[in-house]
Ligand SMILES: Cc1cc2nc3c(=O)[nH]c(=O)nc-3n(C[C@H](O)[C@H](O)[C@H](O)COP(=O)(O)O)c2cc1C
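Quick heads-up: it's one chain on its own, the form predicted on its own, in structure tokens.
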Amino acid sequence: MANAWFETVAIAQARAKKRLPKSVYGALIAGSEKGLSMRSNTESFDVLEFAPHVAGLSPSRDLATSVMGLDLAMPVIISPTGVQAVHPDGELAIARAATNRGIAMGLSSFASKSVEVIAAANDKTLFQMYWSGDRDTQLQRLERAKNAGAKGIILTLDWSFSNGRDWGSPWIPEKINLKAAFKLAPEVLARPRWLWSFARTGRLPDLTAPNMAPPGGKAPTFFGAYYEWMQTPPPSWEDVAWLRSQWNGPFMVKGVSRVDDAKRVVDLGATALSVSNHGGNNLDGTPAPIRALPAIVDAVGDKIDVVMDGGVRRGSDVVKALAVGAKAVMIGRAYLWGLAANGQAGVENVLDVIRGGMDSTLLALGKSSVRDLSRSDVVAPPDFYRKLGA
């Protein structure tokens, strides 16, 4: 490719689609059922409008903030995702890009790289956990994350079993063996650059989850780890409070969309919560996080760091989320498109695109800092916001 740089996340996605095998790209698109929430996450940003100024604009803008006690160069956090087959460097490329741009790295339990490797590459690593396995197993994972140097925990609760997708789900093998290779051969051979990127390393895509391995044990396959989660009864609020009590440090509960749930999260002593519907991969028909965000901020924003996760594709999206109350946003698909398009440099490209978009939006709004944003900077249509579980 003559010029690997891209100017928007949409272009990165287009390049990722051309580069990735159909099944891998389909896994990143994800979504659930009819895809209502997945589409609403991005489309809801489109109907929020700005109220810009034309003079008296600030000659410089400060994008820095602090979330969960971590200083960030801009109010963006890498949302934890499993990316085993996107790029050979996987989460390590993402962690290095995040370090180079001064932001925190969320590492999934289902990641292809260990928490030890990632925490060594990014000193703002947040280890993500699901309520999976018995309490002893979860304590072992907490201890491992602590010993590795993770600075905080993200407990993800916005994920329930999805009953299919109207556009079909990609076939993902348990592991890459001869049978799987033969079945995937037509779509893989149609993407020679992706195949060559792995061939150069001498490794096939790793479909294991090393962070779910028992002490001294073998890493389970992704589906083995997924099965453990599916067989674990969902947590009670007492369970969540217990897990929080076992971690002496920053602790985020991810997946909140209701005000009453947000208040419970505050009561159990969490330091942050994420307004999220798991990128539209959870219960379809859940309102977009940007719509549910203001009511939660109004209820608990003075007691806890509130971040928003879902649908962010541009710097202006980040500014809209901050204007209606978020302290930062988390991004997922956006950096995955960058990783697929150009590895670590592609992730850095995405982060630069978002930062540039934030800076230009702040300029137009006449703001000198992200801390100066308020709801008067955006215009929402009637009945845009949602107040759930008040």
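Residue numbers here begin at 1 and follow the sequence given. Here the structure is a predicted model, which is why all the values come from computation and not from measurement.
Although it is not shown, the form predicted in complex with the ligand is what the next lines describe.
Q: Could you check which residue among K254, H87, K124, R291 gets a heavy atom within 4.5 Å of the ligand in the predicted complex?
A: Comparing distances to the ligand in the predicted complex, the residue within 4.5 Å is K254.
Q: Among T208, T271, N281, S316, which has at least one heavy atom within 4.5 Å of the ligand in the predicted complex?
A: Looking at the other structure, the residue within range turns out to be N281.
Q: Each of S108, D309 and G332 within 4.5 Å of the ligand in the predicted complex, by any heavy atom, yes or no?
A: Yes, each of S108, D309 and G332 comes within 4.5 Å of the ligand in the predicted complex.
Q: Test of understanding: in the predicted complex, would Q138 fall inside 4.5 Å of the ligand by heavy atoms?
A: Q138: no contact with the ligand in the predicted complex.
Q: Answer with yes or no whether A27 is in contact with the ligand in the predicted complex, where contact means some heavy atom within 4.5 Å.
A: Yes, A27 sits close enough to the ligand in the predicted complex that at least one of its heavy atoms falls within 4.5 Å.
Q: Tell me, yes or no, whether Y130 is in contact with the ligand in the predicted complex, where a contact means a heavy atom of each within 4.5 Å.
A: The answer is yes: Y130 has a heavy atom within 4.5 Å of the ligand.
Q: May I ask you to state whether S114 is within 4.5 Å of the ligand in the predicted complex, using heavy atom distances?
A: Close contact is absent here: in the predicted complex, S114 is far from the ligand, nothing within 4.5 Å, heavy atoms only.
Q: Can you pick the stretch from 354-362, 61-69, 27-35, 319-327 whose heavy atoms fall within 4.5 Å of the ligand in the predicted complex?
A: Residues of 27-35 come within 4.5 Å of the partner.
Q: Any residue of 43-69 with a heavy atom within 4.5 Å of the ligand in the predicted complex counts; write them all down in order.
A: Contacts from 43-69: none.
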